[in-house]
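There is one chain below, alone, in structure tokens, taken in the form predicted alone.
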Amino acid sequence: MSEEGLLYICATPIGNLADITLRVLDTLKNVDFIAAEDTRHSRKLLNHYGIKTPLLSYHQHNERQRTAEIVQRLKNGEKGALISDAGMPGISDPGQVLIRECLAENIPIDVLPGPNAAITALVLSGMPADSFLYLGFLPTGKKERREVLAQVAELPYTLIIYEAPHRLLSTLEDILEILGEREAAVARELTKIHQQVHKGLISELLAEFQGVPPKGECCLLLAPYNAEKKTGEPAAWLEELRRLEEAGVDRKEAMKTVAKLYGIRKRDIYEACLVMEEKKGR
């Protein structure tokens, strides 16, 4: 046993088992133990490569309790590896608590790079990659989700979001209303046989998935906010809104149409309406 413990943070495949690195394989074979998010899931990977290293569970429900145990083993001189079900531990997966505790206890750590869904999807999508903001999973509650979206609505970065397939439609609806129309992409089943990247305007993706519900974990990418695309003046928005309402379109649908037409948010139109009403009241 080594006199100094060491924790390896190991990225594992997000779909295709062949994507694991030689360095990760060598490390997993030679450490004293592997802390895994789901031991049953990870056992399939380890069996595929003939790795017999002992496993222990490390997930969001036992993270703090297990951290103390792992830290003690590392202090005793053992070497361990941390893996998640897919991708890099600590990136929307358990790991941050253990990593921070190791750093606080001056236990060496090393990160072995490898597969990551966010970066893979970003490159596949063709979205601007010079600057981007990773949001991970949005809150499941509608109110909280919309609050997060409002905070990033006018940031000049490509936005990367993870989403479960059963929540994708409601998330796209909130994005269209809060952020307004913009280019987007949904990457599914990354590195797997049925890998697909759906591209288009948010409204087009929404219509597509309403017709054919998505399957598999999704990575959603949104083009950066561009103030220059906010064409037209409030007066033009309101005139179009008036025209649609006179044609029998209700206010909510009319606002959606105007937002799509001008590439703006419904909130922009709503605020313009408030300003107009205020002026009338003077």
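These figures come from a predicted structure and were not determined experimentally. Position 1 is the first residue in the sequence shown; the rest follow in order.
If you look for the form predicted together with S-adenosylmethionine (SAM), you will not find it shown, but the lines that follow are about it.
In the model of the complex, every residue of the candidate spot (Ile91, Asn116 and Arg188) has a heavy atom lying within 4.5 Å of S-adenosylmethionine (SAM). Although the partner is absent here, Gly87 is a contact residue: one of its heavy atoms lies within 4.5 angstroms of S-adenosylmethionine (SAM) in the model of the complex.
The shortest heavy atom separation between Glu177 and S-adenosylmethionine (SAM) in the model of the complex exceeds 4.5 Å. Taking the partner from the other structure, S-adenosylmethionine (SAM) in the model of the complex has no heavy atom within 4.5 Å of any heavy atom of Asp32. Among residues of the shown chain, Lys75 is not one whose heavy atoms approach S-adenosylmethionine (SAM) to within 4.5 Å in the model of the complex. Partner contact region in the model of the complex: 217-225, out of 47-55, 217-225, 252-260, 239-247, criterion any non-hydrogen atom within 4.5 Å of S-adenosylmethionine (SAM).
This chain is displayed alone, yet in the model of the complex one of Arg100, Lys192, Lys142, Lys199 has a heavy atom within 4.5 Å of S-adenosylmethionine (SAM); that residue is Lys192.
Of all the residues from 153-182, those having a non-hydrogen atom no more than 4.5 Å from S-adenosylmethionine (SAM) in the model of the complex are Tyr162, Glu163.
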